[in-house]
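First, one chain by itself: the form predicted on its own, in structure tokens.
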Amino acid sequence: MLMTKPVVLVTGGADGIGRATAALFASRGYRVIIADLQGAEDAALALGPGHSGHRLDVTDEPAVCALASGLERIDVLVNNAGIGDSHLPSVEQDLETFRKVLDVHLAGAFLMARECGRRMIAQRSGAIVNLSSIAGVVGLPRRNAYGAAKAGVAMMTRSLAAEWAGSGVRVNAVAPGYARTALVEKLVAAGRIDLDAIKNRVPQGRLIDPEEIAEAIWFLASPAASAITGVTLSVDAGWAAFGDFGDAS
């Protein structure tokens, strides 16, 4: 029966990495709950019967609490919800936008982890996978809020992992590089990202497919990673490993 299947909740699951992750978990026997500001119900419907979608702003504490409290159980949380940042020169960045990026990527991830963590601790089992980024590992000019938020996600991952390990809850993160998503395509079209320069900078010389990141998320959430907690796994085609001058590929 569907109700006996393990349950995964994917925030930002209607598009990009989140959608690929939701599809992967569904294909491997999970009941998927997609939470997103838009498109959640349609994305869940596309997965087939038994899955569900909920409109959710991860910065809305009462809404996050209501969604989590209504779950019968939660086996995996994938904290993927996010927004783009301004890419403006730092002296032109406004505080409101800075705070909004921090709220969605960091505070929102905390709220989801806190509320789902309550259920997992009560179950004495569960896995949380947070989405960090290469922007939380290396400095990207103009991306102050995004980089700070993603570095914060990596540190919060370690903190929660250390606190909850004894309760049977594992907490890990993945740090993707530039992926082939609709958001990246929009940034390329707007001239904010130089696709050729990115490919030259990456040792493997390519963008990452969302499905590749989903596989890393699956691994960290699976029993195969039962002794792994508190790590941030780079899925970046070698970006963070490259430290030489000139092009990497």
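Every value quoted in this text rests on a predicted model; they were computed, and no experiment measured them. Note that residue numbering follows the sequence shown and begins at 1.
The protein also exists as the form predicted together with a small molecule; that form is not presented, and the subsequent description refers to it.
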Contact of Ile17 with the small molecule in the model of the complex (heavy atom, 4.5 Å): yes
Residue contact check: Ile74 to the small molecule in the model of the complex, 4.5 Å heavy atom: no
Leu131, heavy atom within 4.5 angstroms of the small molecule in the model of the complex: yes
Contact flag, Ser52 vs the small molecule in the model of the complex, heavy atom cut 4.5 Å: no
Answer range among 100-108, 86-94, 155-163, 116-124 for contact with the small molecule, defined in the model of the complex as heavy atoms within 4.5 Å: 100-108
Position in contact with the small molecule when the complex is considered in the model of the complex, options Ala46, Ala63, Val184, Ala216, heavy atoms within 4.5 Å: Val184
